[in-house]
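Subsequent text provides C-alpha cells for two forms of one protein chain, presented individually as structure 1 and structure 2.
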Structure 1
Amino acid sequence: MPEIKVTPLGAGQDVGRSCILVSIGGKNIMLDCGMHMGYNDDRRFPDFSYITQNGRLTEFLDCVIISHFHLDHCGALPFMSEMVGYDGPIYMTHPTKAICPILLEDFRKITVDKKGETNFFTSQMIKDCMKKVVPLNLHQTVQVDDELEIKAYYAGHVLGAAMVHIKVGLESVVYTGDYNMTPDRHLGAAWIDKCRPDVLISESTYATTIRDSKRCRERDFLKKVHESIERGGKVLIPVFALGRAQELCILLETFWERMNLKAPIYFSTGLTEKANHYYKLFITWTNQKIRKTFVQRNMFEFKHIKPFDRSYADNPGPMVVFATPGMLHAGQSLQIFKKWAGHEKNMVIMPGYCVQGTIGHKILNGQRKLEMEGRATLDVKLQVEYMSFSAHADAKGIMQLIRMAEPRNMLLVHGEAVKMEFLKGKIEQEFSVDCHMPANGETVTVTTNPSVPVDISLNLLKREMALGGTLPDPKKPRTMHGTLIMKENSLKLVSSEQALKELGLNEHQLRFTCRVPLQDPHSDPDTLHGIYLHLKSVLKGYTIQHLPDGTVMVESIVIKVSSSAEDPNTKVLLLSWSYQDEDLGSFLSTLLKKGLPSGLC
C-alpha cells in the first residue's frame, strides 16, 4: 500500500515556525519555512538536521512551497536555502514573492543591526534566495516535475495567501497555510473545490473559537473608536505592519468617509508604505468591493490616513494612531502607549493575539500598574479593549473547509495541543475521518488506497457493449475478458488477440483431456449414441453433433468412446475441451461420471 508521510518540523501542536515535510509518491516537499517569534536562539528556526545531518538539502527535497509572507511561514527561508543549502525550486504566489523580501529584510535589520547578532543571513542571501522563487498563479496547475504537480487556491488571511493542492499520481495532499473563511474588508474568503485529497493539513489556531458575526465586531470596534474620538480622546491601535493593519485602515477610512469625520488618523511609517504599494498593485487578490471599485478609486489610496510623526503624539485633540508592533512590547507603539496611558479619555485597542510576557498581554489581563525599566511604574488609566480581528478560520470555518474539500484524512497543525484535541474529537465525530495532530518531529503515516487507472482499448469496450446491451449501470460491476499489459509505467487492457499481436507472441492452445470410466454393456457405437441422446436431452440450446468418425461434438468438446481390453463392459470415455470451454467441459465430465441413465437404449 502506498503511504503519505507527514512530519512537522515546526507548527506541530504549536503556533510559529511552520515547517512541514511531506513525502508523497516518492517525492519530498517542504511546506513553509518559518521562524518562531518567541525564541532568539537556535530554536527559532526549524531543525533542518532532521532531513540530513550534513550537506545540502537539494537532493532530499523536490520543492519548497511558501503559503504566505508572514515570518512564521517564511522567516527561515534564506537560512535554509543559503546557509544550509538548497537550490531547488521555491514556490510562492506573486504577492508573497513581492512582499516577502521586505519583511525578511526588516527582520534581518532588527536582529543584526539592533540586537547585534552575528551568524545571521545577509541582504545578499535574501536576494539570492528570492532568485530561486517560482511564482504561482491562483488555480494554475504547475508541474514541478513529470509526476509532481501543485495548484494554488485562494486562502484569504493576508494578501497573496494561498492553499496548495499537491498531487503525485492519484495521491494528493492539501496544505492550507493560514486561511480565513469569513471575508473581511480587503480580502475574500478561502475557497477550494471538492478535490477529495488523501490528507488535508489544516491550521487550527482558533480550534475552540466560534467567533461572533464579523459585522458585530466591526460595529463594536467602530463604535468604540467613534465614541472615544467624540469625547476628545486619543485612540492607539497597536498592529503588525501588514495584514490586519490594512483591514483596519480600510475599515476606519470608509467609516470616516461615510460619517464625515475630521479627526486625524495616523499610521506609523516604516515598511508600511512599501507594502501598501503592493496592496494597491495586487487588486485581483482582494475582495469583491475593492476589485469592483478600484477603477474609480483604489481603496488603498487612503484619504484620511496620514503618516505619523513622533511629535504628533503630543498634539492636542482627538486622533487615532496605528503603531507597530502589535503586542506593545517595543518600538513606537510602546512609546505612544507610555505617553497616553495616564489619561482615562484615551483608549488602546488590541486587535489580536498577545504573547505572554508582553505589555499587551499584561494590560489585557487587567493589570493597571506596570513596572517599567528603571524601577519606574506606569499607571494605566486609559481604557483597554480587545477585538479579535485575527484572520484565521474559526472552528466552524475549519469544518466548512473540510466539508468543501472532503478529505480522507485530516491533519491539524499550527495550534495549541489542548485546543487541537477538542477539534480533533469534533472532526472525527462529524465527518468520521481519521484526524492526526503530530508534534514536532513526529511522523504521521497515512496509507492511501489509490485507484489505478487502466487504459482500455475501444474495440474491446465496444465488443463488451455489444454483448451486454444497454448502457452500463454505474451501480453494477460487470466482468469482462481481456489482457492487462503493463508496459513503461502504463496499464492497458486489450483483447487477448491484440495483446498477442502487440507482444509478438504465438497463441498456444490449451486443451484439457480427461477419461471417464463408464459401465455400459453396449457396443462402442451404441454407447456413443446413448451418450449423444443423453446429452441432447440434457443440454438444450447447444449444438451437439454425432460425427460419422465415431465422436460426439458438443460445441468444441470432443467425446470419444473406447472399450478397455479387460472388461468389455467398462467403457472409457475420452473428453477433450479447450481452455475457453472450461465451464462446459467440466460440467460434462461431472455429468458423464454419473453414468448414463438407464432405459435410454
Structure 2
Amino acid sequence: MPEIKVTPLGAGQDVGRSCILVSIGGKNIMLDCGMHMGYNDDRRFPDFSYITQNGRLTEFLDCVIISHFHLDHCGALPFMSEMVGYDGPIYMTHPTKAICPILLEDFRKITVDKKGETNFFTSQMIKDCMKKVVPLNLHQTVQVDDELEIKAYYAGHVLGAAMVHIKVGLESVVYTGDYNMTPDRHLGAAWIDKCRPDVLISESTYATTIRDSKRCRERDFLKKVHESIERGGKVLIPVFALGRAQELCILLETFWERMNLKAPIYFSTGLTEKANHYYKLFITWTNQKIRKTFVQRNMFEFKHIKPFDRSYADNPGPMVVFATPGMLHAGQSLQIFKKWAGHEKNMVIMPGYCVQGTIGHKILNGQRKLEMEGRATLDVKLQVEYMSFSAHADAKGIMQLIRMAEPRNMLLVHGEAVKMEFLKGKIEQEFSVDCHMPANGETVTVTTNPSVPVDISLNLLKREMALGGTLPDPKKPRTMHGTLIMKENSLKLVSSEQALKELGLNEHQLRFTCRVPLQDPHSDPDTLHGIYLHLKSVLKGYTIQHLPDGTVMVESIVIKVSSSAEDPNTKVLLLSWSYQDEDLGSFLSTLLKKGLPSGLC
C-alpha cells in the first residue's frame, strides 16, 4: 500500500523552529525552515543531520516551501541553503519573497553585529538564498516536476501567508503554516477547497483556546492603554514588524482620532516605512475594506503614529511605543522594556504568543525577577497584560478548517503537547479520523488508499436503471459491471458492446466448466430430472429449464449428466457457465457436490 511519511525537525509538540519533512509518492519536501526564539545555541536551528550526516541536501529534497515570513518559519533558510547546502527550488508567495530577506537581515544584524556571534549566515548568503526562490500565486497549480504539483491558498495570519496543497499522483497533503479563520482589520480569513487530502498538517498554537469576541478584546485593549496614559505611564507593545503591528496601529490611530488624544505614539525601527511600502505593493492580499479605502487614502499612513528614536525612551510623560520583536527576546523592544520595567505606572501589553525561554514568556508567567546577560537581575514592577491579538486559529477555527478540507488523516504541529493532546481527542471524536502529534524527530507513517476517479457512460447508467436499479448514491458503494477503458490518463466504465465498438474488437464468449462427481443409482435421464426438481425447489426466482437435448439450464448455466465407465452408480455432472453467472455457477457446483435429497428421482 502507498504511504506518506511526516517527520517534524522542528515544531513537533513545540512552537518555534517550524520545519517538517514530508515523503509522498517518492518525493521529499521540506515545509518551512524556521528558527527558535527561545535558544541562542545549536538548538536555534532544525537538526538537518537527520536528513543527511554529510553532503548537501539537494540530493535528498525535491523542494522547500515557506508558508510565510515570520522567523520561526523562515529564519534558518540561509543557514540551510548556503551553509548546509541546498540548490533546489524554494517556493513562497510574492509578499513573503519581498519581506523575508528584510527580516532575515534584521535578525542577522541583531545576532552577529550586536551580540557578536560567529557561525552564522552573512548578508551575501541571504541574497544567494533568495535567488533560489520561485514565487507562488494564489490558486495557481505549479508543477515542481512531472509528478509533483503544489497549489497555494490564502491563510490570513500575515501579509502573504499561504497554506499549500501538495499532490503526487492521487496522494495529497495540505500544510497550513500559520493561519487565521477570522478576518481582522487588515486581512481576510483563511480559505481552502474541499480537497480531501490524505493528511492535513495543521498548526495548533491555540489548541485549547476559544477566543472571546474580537470587539470586546479591542475595547479592553484601548481601555488599558487609555488608563495608563491618563495616569502618566508609558505603554510598551512588543510586536513583530508586520502583521499585528499594522492591526493595532489602525486600532490606536482611529481611537486617538476619535478621543482627540495628544500623547505620542511611536513605532520603532525603519521597518515601518518598508512595511507600509509592502502593504501598498501587495494591497490585493489585504481585506476588502482596506482595498476600498485605499482609493481615497492609504490606511497605513498614520497621522498620530511617528517613527521612534532611541532617545525618546527617556522622555518624561506618557507615550505608547510599538517595538520589535514581539517576544522581548532581543532588539529594541527588550531595550525599552529594561528601561521601563522598574516603574509601577508603566505597562507592557503582550499581544501575541510567546515561546518558552523568551523574556515575554517569563513575565507572562508571573516572573518578577529576571536574570539578564552578565548575571544582572531586573526587577519587574510595571504592569504586565496579555491580550491575544495573535493571528492564529483558535480551537474553533481549526475545527472549521477540518470541515472545509475534509482530510482523511490529521497531524498537529506548532503547539504544546498537553494542549495538542486535548485537541487530538476532540478531532478524533468529532470527525472519526486518526489524529497524530509527533515530537521532533519522530516519523508518522500514514497508509493511503487512493481513490481512482472513473467516468461512467450514460448508456451503462441507463441500462442499470432499466434493470430496476436506482441512480447511484455518491455516499454509498455500488457494484456496476462494465468494461474499463483507459484513454489519455482517464478511465471510463462502458458497456462491453460499446467497448468492442470503440476498440474495434470482435466479441468472444468465455465460459467456465466444472466436473462434479455424484453418487446416484438411477439412469442418466432420471438423475437429470432429479437435479431439475432439486434446483426448482432451491432456486426461487430463477429461470430453470429441462431441455429435450438432455440438459438442464439455469440462466446461462448448462448441466449435463454422464455415467462413469468403471462404475454406473457414479455420475459425472458437467457444468458450464458464462463469466456473467460466475457467482451462480460456483454456488451450483458447491450445492451439487452435496448430492441429491432422497426420493427425488
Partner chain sequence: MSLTECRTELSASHFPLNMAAHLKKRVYEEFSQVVQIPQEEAPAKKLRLSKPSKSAALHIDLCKATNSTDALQYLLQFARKPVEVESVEGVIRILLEHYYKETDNSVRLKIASLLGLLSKTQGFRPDCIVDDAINTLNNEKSHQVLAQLLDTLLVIGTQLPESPTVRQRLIEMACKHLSDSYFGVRNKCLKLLGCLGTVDAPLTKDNEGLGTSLGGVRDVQSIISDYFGDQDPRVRTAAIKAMLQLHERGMKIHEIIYNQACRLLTDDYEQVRSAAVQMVWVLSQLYPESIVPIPSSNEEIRLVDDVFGKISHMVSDGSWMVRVQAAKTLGSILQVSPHFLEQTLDKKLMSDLRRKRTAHERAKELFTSGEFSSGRKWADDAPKEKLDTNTVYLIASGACGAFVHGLEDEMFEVRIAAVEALSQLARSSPSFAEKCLDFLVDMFNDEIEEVRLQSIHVLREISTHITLREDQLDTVLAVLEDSSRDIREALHELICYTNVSTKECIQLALLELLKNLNKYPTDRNSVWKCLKFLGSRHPTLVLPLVPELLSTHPYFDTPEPDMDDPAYIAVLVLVFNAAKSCPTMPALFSDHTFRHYAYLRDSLSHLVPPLRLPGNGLDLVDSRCSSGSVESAQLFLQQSLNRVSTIQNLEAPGAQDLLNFTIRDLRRLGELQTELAGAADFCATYLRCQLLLMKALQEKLWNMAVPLCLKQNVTATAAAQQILEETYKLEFLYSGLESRQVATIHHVRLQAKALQLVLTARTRQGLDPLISSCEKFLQDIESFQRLFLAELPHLQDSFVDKLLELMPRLSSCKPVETVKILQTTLRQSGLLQLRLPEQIHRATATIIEPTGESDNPLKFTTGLVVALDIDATLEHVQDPQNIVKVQVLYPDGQSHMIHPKPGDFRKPGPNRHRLITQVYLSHTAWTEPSQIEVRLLLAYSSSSTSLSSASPASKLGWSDSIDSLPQPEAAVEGTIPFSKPVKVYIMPKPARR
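Computed from a predicted structure; not experimentally measured. If you superpose the two forms and keep the largest set of C-alpha atoms that fall within 1.5 Å, you have the rigid core. Numbering for residues begins at 1 and runs along the sequence of structure 1.
Engineer: Between the two structures, is it 1 or 2 that corresponds to the form predicted on its own?
Structural biologist: Form predicted on its own: structure 2.
Engineer: Take the rigid core as the frame of reference and indicate whether the C-alpha of G550 shifts by 2 Å or more between structures 1 and 2.
Structural biologist: Moves: yes, 2 Å or greater.
Engineer: After superposing the rigid core, is the C-alpha displacement of Y532 2 Å or more between structures 1 and 2?
Structural biologist: Y532: C-alpha displaced by 2 Å or more between structures 1 and 2.
Engineer: Core-aligned, does G85 move its Cα 2 Å or more between structures 1 and 2?
Structural biologist: G85 C-alpha, core-superposed: shift of less than 2 Å.
Engineer: How much does the C-alpha of R310 move between structures 1 and 2, in Å, given a rigid core overlay?
Structural biologist: C-alpha shift for R310: 4.1 Å.
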